[in-house]
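The C-alpha coordinates that follow cover one protein chain in two forms, given apart as structure 1 and structure 2.
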Structure 1
Amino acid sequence: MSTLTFHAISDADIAAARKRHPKAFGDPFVTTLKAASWAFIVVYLIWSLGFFEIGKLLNASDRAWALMTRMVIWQDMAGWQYANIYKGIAQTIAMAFLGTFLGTILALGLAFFAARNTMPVGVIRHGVRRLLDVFRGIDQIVWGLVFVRAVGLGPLAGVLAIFISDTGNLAKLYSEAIENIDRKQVEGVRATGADTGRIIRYGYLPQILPVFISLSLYSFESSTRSATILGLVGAGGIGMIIIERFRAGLFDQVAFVVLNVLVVIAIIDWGSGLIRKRFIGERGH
(Lines of atoms letter the chains of each structure in order from A and count residues from 1; the text may use other names and numbers.)
(Lines give C-alpha, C1' and ligand atoms only; values in the text may rest on other atoms or scores of the structure.)
Protein backbone atom coordinates (compact mmCIF):
# COMPACT_ATOMS: atom_id res chain seq x y z
CA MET A 1 0.00 0.00 0.00
CA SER A 2 1.49 3.19 -1.17
CA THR A 3 1.07 6.37 0.77
CA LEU A 4 0.13 9.52 -1.03
CA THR A 5 2.83 12.09 -0.42
CA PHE A 6 2.55 15.83 -0.92
CA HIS A 7 5.64 17.85 -1.47
CA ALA A 8 6.29 21.44 -2.34
CA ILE A 9 7.29 22.31 -5.87
CA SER A 10 11.05 22.28 -6.04
CA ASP A 11 13.29 24.53 -8.07
CA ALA A 12 14.07 21.57 -10.31
CA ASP A 13 10.36 21.19 -11.14
CA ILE A 14 10.15 24.85 -12.11
CA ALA A 15 13.24 24.52 -14.28
CA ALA A 16 11.75 21.45 -15.97
CA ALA A 17 8.44 23.20 -16.58
CA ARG A 18 10.29 26.21 -17.95
CA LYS A 19 12.15 23.97 -20.37
CA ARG A 20 8.96 22.24 -21.53
CA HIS A 21 6.92 25.45 -22.01
CA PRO A 22 9.38 28.26 -22.69
CA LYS A 23 6.70 30.63 -24.04
CA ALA A 24 4.54 30.34 -20.94
CA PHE A 25 7.23 32.04 -18.89
CA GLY A 26 7.36 35.05 -21.15
CA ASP A 27 9.14 35.83 -24.35
CA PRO A 28 12.78 36.39 -23.35
CA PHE A 29 13.04 39.26 -25.82
CA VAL A 30 10.04 41.05 -24.32
CA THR A 31 11.28 40.36 -20.80
CA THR A 32 14.68 41.81 -21.60
CA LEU A 33 13.05 44.82 -23.25
CA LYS A 34 10.89 45.44 -20.20
CA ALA A 35 13.83 45.09 -17.84
CA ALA A 36 15.89 47.40 -20.04
CA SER A 37 13.20 50.08 -20.10
CA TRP A 38 12.80 49.89 -16.32
CA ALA A 39 16.56 50.15 -15.95
CA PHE A 40 16.55 53.13 -18.30
CA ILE A 41 13.81 54.87 -16.33
CA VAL A 42 15.64 54.31 -13.04
CA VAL A 43 18.98 55.45 -14.43
CA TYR A 44 17.39 58.46 -16.06
CA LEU A 45 15.59 59.38 -12.86
CA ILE A 46 18.75 59.20 -10.76
CA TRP A 47 20.71 61.16 -13.34
CA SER A 48 18.03 63.82 -13.77
CA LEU A 49 17.53 64.28 -10.05
CA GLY A 50 21.25 64.92 -9.88
CA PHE A 51 20.97 67.27 -12.84
CA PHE A 52 18.21 69.22 -11.10
CA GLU A 53 20.29 69.33 -7.90
CA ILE A 54 17.90 67.42 -5.68
CA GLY A 55 20.40 68.01 -2.88
CA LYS A 56 19.07 71.54 -2.55
CA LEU A 57 16.04 69.95 -0.95
CA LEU A 58 18.12 68.99 2.06
CA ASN A 59 19.28 72.55 2.66
CA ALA A 60 15.78 73.85 2.12
CA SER A 61 14.19 72.20 5.10
CA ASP A 62 14.53 75.23 7.39
CA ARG A 63 13.06 77.64 4.90
CA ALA A 64 10.34 75.21 3.88
CA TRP A 65 9.43 74.58 7.49
CA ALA A 66 9.28 78.29 8.27
CA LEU A 67 7.11 78.84 5.21
CA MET A 68 4.76 76.02 6.16
CA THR A 69 4.30 77.21 9.73
CA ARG A 70 3.67 80.77 8.60
CA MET A 71 1.08 79.51 6.12
CA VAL A 72 -0.77 77.55 8.78
CA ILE A 73 -0.58 80.00 11.70
CA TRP A 74 -2.85 82.91 10.83
CA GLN A 75 -2.05 86.17 12.55
CA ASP A 76 -3.70 89.61 12.72
CA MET A 77 -6.73 88.43 10.85
CA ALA A 78 -8.54 91.72 11.45
CA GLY A 79 -6.25 93.62 9.12
CA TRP A 80 -6.34 91.35 6.09
CA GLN A 81 -8.29 93.68 3.80
CA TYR A 82 -10.98 91.18 2.99
CA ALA A 83 -12.77 93.62 0.68
CA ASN A 84 -9.66 93.64 -1.49
CA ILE A 85 -9.50 89.85 -1.57
CA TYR A 86 -13.14 89.36 -2.50
CA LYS A 87 -12.95 92.14 -5.06
CA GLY A 88 -10.03 90.25 -6.59
CA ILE A 89 -12.00 87.02 -6.69
CA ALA A 90 -14.96 88.85 -8.24
CA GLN A 91 -12.64 90.35 -10.80
CA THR A 92 -11.30 86.89 -11.65
CA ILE A 93 -14.81 85.56 -12.23
CA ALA A 94 -15.73 88.62 -14.26
CA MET A 95 -12.59 88.24 -16.41
CA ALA A 96 -13.31 84.56 -17.00
CA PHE A 97 -16.94 85.26 -17.86
CA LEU A 98 -16.22 88.13 -20.21
CA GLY A 99 -13.30 86.35 -21.87
CA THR A 100 -15.30 83.17 -22.38
CA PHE A 101 -18.30 85.13 -23.65
CA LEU A 102 -16.24 87.01 -26.24
CA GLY A 103 -14.32 83.84 -27.09
CA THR A 104 -17.57 81.98 -27.62
CA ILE A 105 -18.83 84.60 -30.05
CA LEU A 106 -15.66 84.69 -32.12
CA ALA A 107 -15.31 80.90 -31.98
CA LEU A 108 -18.88 80.50 -33.18
CA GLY A 109 -18.01 82.55 -36.24
CA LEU A 110 -14.63 80.95 -36.90
CA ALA A 111 -15.86 77.38 -36.37
CA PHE A 112 -17.92 77.53 -39.56
CA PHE A 113 -14.79 78.55 -41.46
CA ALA A 114 -12.77 75.71 -39.92
CA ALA A 115 -15.26 72.87 -40.45
CA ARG A 116 -14.93 70.77 -43.57
CA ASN A 117 -18.65 70.62 -44.36
CA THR A 118 -19.30 74.35 -44.11
CA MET A 119 -16.09 75.68 -45.64
CA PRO A 120 -15.31 73.93 -48.91
CA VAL A 121 -12.40 76.26 -49.78
CA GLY A 122 -9.35 74.43 -48.45
CA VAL A 123 -7.06 77.45 -48.30
CA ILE A 124 -9.36 79.43 -46.01
CA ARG A 125 -10.13 76.38 -43.86
CA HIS A 126 -6.46 75.57 -43.33
CA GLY A 127 -5.61 79.20 -42.76
CA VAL A 128 -8.24 79.50 -40.04
CA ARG A 129 -7.17 76.20 -38.50
CA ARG A 130 -3.50 77.23 -38.31
CA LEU A 131 -4.53 80.52 -36.73
CA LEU A 132 -6.51 78.59 -34.13
CA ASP A 133 -3.48 76.33 -33.55
CA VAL A 134 -1.41 79.39 -32.72
CA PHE A 135 -4.13 80.66 -30.35
CA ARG A 136 -4.18 77.30 -28.59
CA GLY A 137 -0.52 76.41 -28.81
CA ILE A 138 0.64 79.40 -26.79
CA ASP A 139 -0.23 79.00 -23.14
CA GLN A 140 -2.83 81.32 -21.69
CA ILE A 141 -0.41 82.80 -19.20
CA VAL A 142 2.00 83.63 -22.04
CA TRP A 143 -0.83 85.44 -23.79
CA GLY A 144 -1.43 87.22 -20.50
CA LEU A 145 2.16 88.40 -20.40
CA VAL A 146 2.04 89.47 -24.05
CA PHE A 147 -1.13 91.49 -23.49
CA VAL A 148 0.22 93.03 -20.31
CA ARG A 149 3.11 94.21 -22.43
CA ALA A 150 0.74 95.47 -25.14
CA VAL A 151 -2.07 97.13 -23.14
CA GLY A 152 -0.60 97.47 -19.66
CA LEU A 153 -1.23 95.90 -16.26
CA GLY A 154 -4.79 95.10 -15.30
CA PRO A 155 -7.80 92.98 -16.07
CA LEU A 156 -8.07 94.07 -19.70
CA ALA A 157 -4.94 92.03 -20.50
CA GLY A 158 -6.43 89.07 -18.65
CA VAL A 159 -9.72 89.25 -20.51
CA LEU A 160 -7.87 89.39 -23.82
CA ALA A 161 -5.68 86.42 -22.87
CA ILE A 162 -8.71 84.32 -21.91
CA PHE A 163 -10.49 85.53 -25.03
CA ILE A 164 -7.68 84.44 -27.36
CA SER A 165 -7.02 81.03 -25.85
CA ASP A 166 -10.73 80.25 -25.42
CA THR A 167 -11.33 81.21 -29.02
CA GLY A 168 -8.66 78.73 -30.08
CA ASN A 169 -9.98 75.91 -27.92
CA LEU A 170 -13.67 76.47 -28.49
CA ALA A 171 -13.47 77.02 -32.25
CA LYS A 172 -11.67 73.71 -32.65
CA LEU A 173 -14.23 71.85 -30.55
CA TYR A 174 -17.15 73.67 -32.21
CA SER A 175 -15.85 72.89 -35.68
CA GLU A 176 -15.62 69.23 -34.73
CA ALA A 177 -19.22 69.41 -33.50
CA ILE A 178 -20.27 70.98 -36.79
CA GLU A 179 -18.49 68.28 -38.75
CA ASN A 180 -20.37 65.61 -36.79
CA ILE A 181 -23.90 66.89 -37.41
CA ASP A 182 -26.69 65.09 -39.22
CA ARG A 183 -26.79 66.22 -42.86
CA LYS A 184 -30.46 65.42 -43.39
CA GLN A 185 -31.79 68.33 -41.40
CA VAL A 186 -29.57 70.73 -43.32
CA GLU A 187 -30.68 69.28 -46.64
CA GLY A 188 -34.31 69.55 -45.58
CA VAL A 189 -33.93 73.24 -44.82
CA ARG A 190 -31.99 73.81 -48.04
CA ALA A 191 -34.71 72.03 -50.03
CA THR A 192 -37.22 74.68 -48.95
CA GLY A 193 -35.08 77.28 -50.71
CA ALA A 194 -33.65 78.85 -47.58
CA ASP A 195 -30.69 81.22 -47.84
CA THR A 196 -27.35 80.56 -46.12
CA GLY A 197 -28.31 82.44 -42.96
CA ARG A 198 -31.48 80.43 -42.56
CA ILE A 199 -29.69 77.15 -43.34
CA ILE A 200 -27.31 77.88 -40.46
CA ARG A 201 -30.12 79.08 -38.20
CA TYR A 202 -32.53 76.19 -38.76
CA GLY A 203 -30.28 73.44 -40.13
CA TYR A 204 -27.11 73.70 -38.05
CA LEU A 205 -27.81 75.66 -34.88
CA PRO A 206 -30.54 73.47 -33.34
CA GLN A 207 -28.21 70.49 -33.62
CA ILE A 208 -25.07 72.09 -32.30
CA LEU A 209 -26.45 74.53 -29.74
CA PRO A 210 -26.61 72.06 -26.82
CA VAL A 211 -23.01 70.99 -27.51
CA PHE A 212 -21.99 74.63 -27.77
CA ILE A 213 -23.58 75.60 -24.48
CA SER A 214 -22.03 72.63 -22.73
CA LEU A 215 -18.56 73.37 -24.13
CA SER A 216 -18.84 77.05 -23.27
CA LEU A 217 -19.76 76.21 -19.70
CA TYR A 218 -16.74 73.91 -19.42
CA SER A 219 -14.63 76.65 -20.87
CA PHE A 220 -15.94 79.12 -18.29
CA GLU A 221 -15.03 76.70 -15.51
CA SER A 222 -11.52 76.14 -16.78
CA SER A 223 -11.06 79.85 -17.49
CA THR A 224 -11.91 80.64 -13.89
CA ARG A 225 -9.16 78.27 -12.82
CA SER A 226 -6.62 79.77 -15.18
CA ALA A 227 -7.73 83.34 -14.51
CA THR A 228 -6.61 82.92 -10.91
CA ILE A 229 -3.00 82.58 -12.07
CA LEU A 230 -3.13 85.17 -14.86
CA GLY A 231 -2.64 87.77 -12.15
CA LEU A 232 0.82 86.38 -11.42
CA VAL A 233 2.02 88.09 -14.60
CA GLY A 234 -0.02 91.22 -13.84
CA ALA A 235 -3.12 90.47 -15.89
CA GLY A 236 -5.67 91.28 -13.19
CA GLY A 237 -7.76 89.24 -10.81
CA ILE A 238 -6.95 87.43 -7.60
CA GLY A 239 -3.52 86.33 -8.85
CA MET A 240 -2.27 89.88 -8.51
CA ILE A 241 -3.31 89.89 -4.86
CA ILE A 242 -1.69 86.48 -4.31
CA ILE A 243 1.66 87.51 -5.75
CA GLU A 244 1.54 90.93 -4.07
CA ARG A 245 1.04 89.40 -0.62
CA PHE A 246 3.47 86.58 -1.34
CA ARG A 247 6.19 89.08 -2.24
CA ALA A 248 5.37 90.97 0.96
CA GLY A 249 5.90 87.74 2.93
CA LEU A 250 2.30 87.52 4.13
CA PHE A 251 2.12 83.75 3.68
CA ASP A 252 -0.83 83.24 5.99
CA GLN A 253 -2.89 85.57 3.81
CA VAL A 254 -1.73 83.78 0.68
CA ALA A 255 -2.93 80.47 2.15
CA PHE A 256 -6.25 82.07 3.05
CA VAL A 257 -6.72 83.51 -0.44
CA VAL A 258 -5.83 80.21 -2.11
CA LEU A 259 -8.32 78.36 0.10
CA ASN A 260 -11.00 80.89 -0.85
CA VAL A 261 -10.21 80.46 -4.52
CA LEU A 262 -10.48 76.68 -4.20
CA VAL A 263 -13.91 77.04 -2.57
CA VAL A 264 -15.12 79.48 -5.23
CA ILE A 265 -13.94 77.16 -8.00
CA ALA A 266 -15.72 74.23 -6.37
CA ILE A 267 -18.93 76.30 -6.20
CA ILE A 268 -18.64 77.27 -9.87
CA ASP A 269 -18.07 73.64 -10.88
CA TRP A 270 -21.13 72.62 -8.91
CA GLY A 271 -23.27 75.45 -10.32
CA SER A 272 -22.33 74.83 -13.92
CA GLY A 273 -23.00 71.13 -13.36
CA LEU A 274 -26.53 72.09 -12.34
CA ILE A 275 -27.03 74.32 -15.38
CA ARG A 276 -25.68 71.63 -17.66
CA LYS A 277 -28.10 69.08 -16.24
CA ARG A 278 -31.01 71.51 -16.49
CA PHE A 279 -30.48 72.48 -20.12
CA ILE A 280 -28.71 69.63 -21.79
CA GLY A 281 -29.75 66.66 -19.72
CA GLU A 282 -27.49 63.98 -18.33
CA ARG A 283 -26.40 62.86 -21.76
CA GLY A 284 -25.18 66.20 -23.11
CA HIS A 285 -21.46 66.01 -23.61
Structure 2
Amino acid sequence: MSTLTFHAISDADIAAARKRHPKAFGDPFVTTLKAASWAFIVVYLIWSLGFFEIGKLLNASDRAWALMTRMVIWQDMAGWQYANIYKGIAQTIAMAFLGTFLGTILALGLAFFAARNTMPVGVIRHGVRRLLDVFRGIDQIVWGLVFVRAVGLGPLAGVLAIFISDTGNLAKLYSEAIENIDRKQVEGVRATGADTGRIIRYGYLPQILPVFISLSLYSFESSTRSATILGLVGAGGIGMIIIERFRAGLFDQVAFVVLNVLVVIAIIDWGSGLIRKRFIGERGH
Protein backbone atom coordinates (compact mmCIF):
# COMPACT_ATOMS: atom_id res chain seq x y z
CA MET A 1 0.00 0.00 0.00
CA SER A 2 1.52 3.30 -1.10
CA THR A 3 1.42 6.49 0.96
CA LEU A 4 0.65 9.80 -0.75
CA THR A 5 3.03 12.60 0.23
CA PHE A 6 2.98 16.33 -0.49
CA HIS A 7 6.05 15.92 -2.65
CA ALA A 8 4.12 13.57 -4.90
CA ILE A 9 1.44 16.21 -5.63
CA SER A 10 2.31 18.27 -8.64
CA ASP A 11 1.07 21.75 -9.60
CA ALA A 12 -0.98 20.15 -12.34
CA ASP A 13 -2.77 17.97 -9.76
CA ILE A 14 -3.59 21.03 -7.66
CA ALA A 15 -4.85 22.93 -10.68
CA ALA A 16 -7.02 19.99 -11.68
CA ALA A 17 -8.41 19.72 -8.15
CA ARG A 18 -9.20 23.45 -8.13
CA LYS A 19 -11.04 23.06 -11.39
CA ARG A 20 -13.09 20.11 -10.14
CA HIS A 21 -13.89 21.60 -6.70
CA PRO A 22 -13.61 25.41 -6.99
CA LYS A 23 -15.65 26.06 -3.84
CA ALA A 24 -13.35 23.92 -1.68
CA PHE A 25 -10.42 26.26 -2.33
CA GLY A 26 -12.36 29.51 -2.03
CA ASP A 27 -12.89 32.22 -4.58
CA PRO A 28 -9.98 34.71 -4.51
CA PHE A 29 -12.29 37.49 -5.65
CA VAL A 30 -14.79 36.83 -2.84
CA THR A 31 -11.99 36.53 -0.28
CA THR A 32 -10.50 39.84 -1.41
CA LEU A 33 -13.94 41.48 -1.40
CA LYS A 34 -14.61 40.33 2.20
CA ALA A 35 -11.21 41.57 3.38
CA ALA A 36 -11.78 44.93 1.64
CA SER A 37 -15.23 45.23 3.22
CA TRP A 38 -13.89 44.61 6.73
CA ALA A 39 -11.03 47.03 6.11
CA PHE A 40 -13.53 49.66 4.97
CA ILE A 41 -15.69 49.12 8.08
CA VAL A 42 -12.69 49.44 10.41
CA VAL A 43 -11.40 52.58 8.66
CA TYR A 44 -14.88 54.15 8.61
CA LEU A 45 -15.38 53.35 12.32
CA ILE A 46 -12.07 54.97 13.27
CA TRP A 47 -12.81 57.98 11.04
CA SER A 48 -16.33 58.35 12.56
CA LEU A 49 -14.95 58.44 16.09
CA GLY A 50 -13.19 61.67 15.16
CA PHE A 51 -16.57 63.48 15.17
CA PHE A 52 -17.31 62.74 18.82
CA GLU A 53 -14.24 63.89 20.73
CA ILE A 54 -13.97 60.64 22.66
CA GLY A 55 -11.18 62.17 24.74
CA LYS A 56 -13.79 64.20 26.63
CA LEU A 57 -14.85 61.00 28.39
CA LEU A 58 -11.53 60.94 30.22
CA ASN A 59 -12.03 64.48 31.53
CA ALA A 60 -15.73 64.07 32.35
CA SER A 61 -15.40 61.32 34.92
CA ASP A 62 -15.31 63.75 37.88
CA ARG A 63 -18.35 65.69 36.68
CA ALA A 64 -20.25 62.47 35.94
CA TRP A 65 -19.48 61.14 39.41
CA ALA A 66 -20.62 64.42 41.02
CA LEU A 67 -23.83 64.34 38.97
CA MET A 68 -24.59 60.75 39.96
CA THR A 69 -23.92 61.56 43.61
CA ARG A 70 -26.33 64.49 43.57
CA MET A 71 -29.00 62.29 41.95
CA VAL A 72 -28.66 59.64 44.65
CA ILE A 73 -28.43 61.91 47.72
CA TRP A 74 -31.84 63.54 48.15
CA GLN A 75 -32.03 66.76 50.18
CA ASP A 76 -34.78 69.15 51.33
CA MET A 77 -37.51 66.76 50.25
CA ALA A 78 -40.16 68.74 52.10
CA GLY A 79 -40.07 71.51 49.47
CA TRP A 80 -40.15 69.45 46.29
CA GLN A 81 -43.62 70.61 45.14
CA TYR A 82 -45.05 67.11 44.86
CA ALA A 83 -48.41 68.43 43.64
CA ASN A 84 -46.78 69.83 40.49
CA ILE A 85 -44.83 66.62 39.91
CA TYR A 86 -47.87 64.33 40.12
CA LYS A 87 -49.96 66.79 38.13
CA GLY A 88 -47.30 66.59 35.40
CA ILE A 89 -47.38 62.79 35.49
CA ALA A 90 -51.18 62.79 35.24
CA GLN A 91 -50.93 65.24 32.35
CA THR A 92 -48.43 62.98 30.59
CA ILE A 93 -50.67 59.92 30.92
CA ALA A 94 -53.65 61.94 29.66
CA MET A 95 -51.61 63.16 26.67
CA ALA A 96 -50.60 59.61 25.77
CA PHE A 97 -54.11 58.21 26.23
CA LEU A 98 -55.93 60.93 24.29
CA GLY A 99 -53.38 61.03 21.46
CA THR A 100 -53.35 57.24 21.12
CA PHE A 101 -57.15 56.96 21.37
CA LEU A 102 -57.76 59.51 18.64
CA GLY A 103 -54.95 58.04 16.52
CA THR A 104 -56.39 54.54 16.91
CA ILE A 105 -59.85 55.58 15.74
CA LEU A 106 -58.58 57.47 12.69
CA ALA A 107 -56.01 54.78 11.88
CA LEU A 108 -58.67 52.05 11.81
CA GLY A 109 -60.68 54.01 9.26
CA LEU A 110 -57.66 54.89 7.10
CA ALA A 111 -56.44 51.28 7.19
CA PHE A 112 -59.43 50.14 5.09
CA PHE A 113 -58.52 52.76 2.47
CA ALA A 114 -54.86 51.65 2.49
CA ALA A 115 -55.44 47.88 2.28
CA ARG A 116 -55.33 46.26 -1.14
CA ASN A 117 -58.29 43.93 -0.56
CA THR A 118 -60.65 46.65 0.70
CA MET A 119 -59.69 49.55 -1.59
CA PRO A 120 -59.51 48.45 -5.24
CA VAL A 121 -59.03 52.03 -6.51
CA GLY A 122 -55.25 52.35 -6.78
CA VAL A 123 -55.14 56.15 -6.81
CA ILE A 124 -56.96 56.42 -3.49
CA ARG A 125 -55.03 53.52 -1.94
CA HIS A 126 -51.62 54.92 -2.90
CA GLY A 127 -52.67 58.43 -1.90
CA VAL A 128 -53.62 57.25 1.60
CA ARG A 129 -50.42 55.24 1.88
CA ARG A 130 -48.25 58.22 0.96
CA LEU A 131 -50.13 60.35 3.50
CA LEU A 132 -49.38 57.71 6.15
CA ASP A 133 -45.73 57.72 5.07
CA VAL A 134 -45.61 61.44 5.87
CA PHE A 135 -47.27 60.93 9.25
CA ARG A 136 -44.90 58.18 10.38
CA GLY A 137 -41.83 59.32 8.46
CA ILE A 138 -41.44 62.45 10.57
CA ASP A 139 -40.29 61.84 14.12
CA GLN A 140 -42.67 62.55 16.97
CA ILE A 141 -40.26 65.14 18.39
CA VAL A 142 -40.40 67.08 15.14
CA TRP A 143 -44.21 66.95 15.19
CA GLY A 144 -44.01 68.22 18.76
CA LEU A 145 -41.87 71.19 17.69
CA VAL A 146 -44.28 71.93 14.83
CA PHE A 147 -47.35 71.93 17.06
CA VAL A 148 -45.64 73.90 19.83
CA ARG A 149 -44.99 76.54 17.20
CA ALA A 150 -48.57 76.26 15.90
CA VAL A 151 -50.63 76.12 19.12
CA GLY A 152 -48.11 77.26 21.73
CA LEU A 153 -46.50 75.61 24.75
CA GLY A 154 -48.59 73.05 26.59
CA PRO A 155 -50.05 69.55 26.46
CA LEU A 156 -52.26 70.22 23.42
CA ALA A 157 -49.14 70.22 21.24
CA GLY A 158 -48.14 66.87 22.76
CA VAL A 159 -51.57 65.34 22.14
CA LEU A 160 -51.51 66.44 18.49
CA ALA A 161 -47.96 65.12 17.99
CA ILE A 162 -48.87 61.70 19.42
CA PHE A 163 -52.13 61.67 17.45
CA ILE A 164 -50.44 62.28 14.10
CA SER A 165 -47.54 59.92 14.73
CA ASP A 166 -49.71 57.09 16.05
CA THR A 167 -52.17 57.47 13.19
CA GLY A 168 -49.41 56.89 10.65
CA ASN A 169 -47.87 53.92 12.45
CA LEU A 170 -51.09 52.17 13.45
CA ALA A 171 -52.86 52.63 10.10
CA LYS A 172 -49.89 51.02 8.35
CA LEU A 173 -49.98 48.00 10.69
CA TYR A 174 -53.78 47.70 10.64
CA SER A 175 -53.83 47.74 6.83
CA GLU A 176 -51.32 44.88 6.74
CA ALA A 177 -53.49 42.94 9.18
CA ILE A 178 -56.56 43.53 6.97
CA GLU A 179 -54.68 42.30 3.90
CA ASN A 180 -53.75 39.06 5.70
CA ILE A 181 -57.21 38.06 6.94
CA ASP A 182 -59.02 34.87 5.95
CA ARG A 183 -61.23 35.90 3.01
CA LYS A 184 -63.58 32.93 3.41
CA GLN A 185 -65.28 34.58 6.39
CA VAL A 186 -65.71 37.81 4.41
CA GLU A 187 -67.14 35.95 1.42
CA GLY A 188 -69.48 34.07 3.73
CA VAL A 189 -70.89 37.30 5.15
CA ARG A 190 -71.13 38.83 1.67
CA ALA A 191 -73.03 35.76 0.42
CA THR A 192 -75.82 36.55 2.89
CA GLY A 193 -76.47 39.82 1.04
CA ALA A 194 -75.02 41.98 3.79
CA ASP A 195 -74.16 45.60 3.00
CA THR A 196 -70.63 47.04 3.27
CA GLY A 197 -71.05 48.08 6.90
CA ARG A 198 -72.12 44.59 7.98
CA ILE A 199 -69.34 42.98 5.91
CA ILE A 200 -66.78 45.10 7.78
CA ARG A 201 -68.50 44.50 11.13
CA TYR A 202 -68.87 40.72 10.84
CA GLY A 203 -66.25 39.80 8.23
CA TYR A 204 -63.23 41.99 8.94
CA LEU A 205 -63.37 43.36 12.48
CA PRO A 206 -63.57 40.00 14.34
CA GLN A 207 -60.40 38.87 12.56
CA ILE A 208 -58.34 42.01 13.16
CA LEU A 209 -59.63 42.65 16.69
CA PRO A 210 -56.71 40.85 18.46
CA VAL A 211 -54.18 42.80 16.37
CA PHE A 212 -56.13 46.00 16.95
CA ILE A 213 -56.14 45.57 20.74
CA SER A 214 -52.52 44.43 20.97
CA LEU A 215 -51.12 47.22 18.79
CA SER A 216 -53.27 49.89 20.44
CA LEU A 217 -52.09 48.89 23.91
CA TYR A 218 -48.48 48.77 22.81
CA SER A 219 -48.87 52.17 21.20
CA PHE A 220 -50.29 53.57 24.46
CA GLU A 221 -47.28 52.25 26.40
CA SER A 222 -44.90 53.70 23.84
CA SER A 223 -46.75 57.02 23.75
CA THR A 224 -46.46 57.34 27.54
CA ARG A 225 -42.68 57.21 27.21
CA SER A 226 -42.77 59.52 24.20
CA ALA A 227 -44.99 62.02 26.03
CA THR A 228 -42.24 62.39 28.63
CA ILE A 229 -39.75 63.28 25.91
CA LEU A 230 -42.21 65.62 24.18
CA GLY A 231 -42.33 67.69 27.35
CA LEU A 232 -38.66 68.50 26.86
CA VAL A 233 -39.54 70.48 23.70
CA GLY A 234 -42.35 72.38 25.43
CA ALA A 235 -45.27 70.05 24.72
CA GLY A 236 -46.37 69.85 28.35
CA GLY A 237 -46.41 66.98 30.81
CA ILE A 238 -43.74 65.70 33.15
CA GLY A 239 -41.00 66.36 30.59
CA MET A 240 -41.29 70.11 31.17
CA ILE A 241 -40.84 69.57 34.92
CA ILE A 242 -37.79 67.37 34.29
CA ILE A 243 -36.11 69.96 32.07
CA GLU A 244 -36.91 72.77 34.54
CA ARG A 245 -35.38 70.84 37.45
CA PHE A 246 -32.41 69.85 35.31
CA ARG A 247 -31.66 73.43 34.28
CA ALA A 248 -31.91 74.50 37.92
CA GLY A 249 -29.37 71.85 38.94
CA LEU A 250 -31.91 69.98 41.10
CA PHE A 251 -30.65 66.56 40.07
CA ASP A 252 -32.08 64.78 43.11
CA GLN A 253 -35.56 65.93 42.09
CA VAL A 254 -34.88 64.84 38.51
CA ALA A 255 -34.03 61.36 39.79
CA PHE A 256 -37.22 61.30 41.89
CA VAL A 257 -39.38 62.30 38.90
CA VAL A 258 -37.73 59.73 36.61
CA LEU A 259 -38.30 56.98 39.18
CA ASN A 260 -41.97 57.92 39.38
CA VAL A 261 -42.24 57.83 35.59
CA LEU A 262 -40.67 54.36 35.54
CA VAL A 263 -43.18 53.14 38.12
CA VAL A 264 -46.07 54.54 36.07
CA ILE A 265 -44.80 52.87 32.90
CA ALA A 266 -44.40 49.57 34.75
CA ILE A 267 -48.01 49.81 36.01
CA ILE A 268 -49.27 50.58 32.49
CA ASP A 269 -47.28 47.65 31.11
CA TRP A 270 -48.75 45.36 33.77
CA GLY A 271 -52.30 46.60 33.11
CA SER A 272 -51.84 46.23 29.35
CA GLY A 273 -50.70 42.65 29.87
CA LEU A 274 -53.85 41.87 31.84
CA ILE A 275 -56.06 43.37 29.13
CA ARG A 276 -54.25 41.44 26.41
CA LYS A 277 -54.64 38.23 28.37
CA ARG A 278 -58.33 38.94 28.93
CA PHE A 279 -59.22 39.67 25.28
CA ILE A 280 -56.55 37.84 23.32
CA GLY A 281 -55.30 35.05 25.56
CA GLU A 282 -51.81 33.82 26.30
CA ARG A 283 -50.85 33.54 22.60
CA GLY A 284 -51.39 37.23 22.03
CA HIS A 285 -49.54 38.28 25.16
Partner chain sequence: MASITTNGPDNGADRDPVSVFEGHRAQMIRDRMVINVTLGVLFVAFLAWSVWISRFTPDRLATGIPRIFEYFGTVMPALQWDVLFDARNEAGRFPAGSIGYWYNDFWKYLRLIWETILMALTATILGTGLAVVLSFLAARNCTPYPWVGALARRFLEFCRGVPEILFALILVFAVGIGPLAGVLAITIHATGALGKLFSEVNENASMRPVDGMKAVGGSWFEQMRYGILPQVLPNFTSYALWRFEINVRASAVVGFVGAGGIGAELSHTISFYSDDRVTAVLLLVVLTVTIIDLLSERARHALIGKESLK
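Between two forms, the rigid core is defined as the largest C-alpha subset superposing within 1.5 Å. Keep in mind that this is a model prediction, so the values were computed, not measured. Here, a residue number simply tells you its place in the sequence of structure 1, counted from 1.
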- Item | Pair member which, unlike the other, is the form predicted together with the partner chain | 1
- Item | After fitting the core, residue 13 CA displacement of 2 Å or more between the two structures | yes
- Message: Please determine whether the C-alpha atom of residue 258 is displaced by 2 Å or more between the two structures following superposition on the rigid core.
- Response: no
- Task: Taking the rigid core as fixed, quantify in angstrom how much the C-alpha of residue 62 shifts between the two structures.
- Result: 3.4
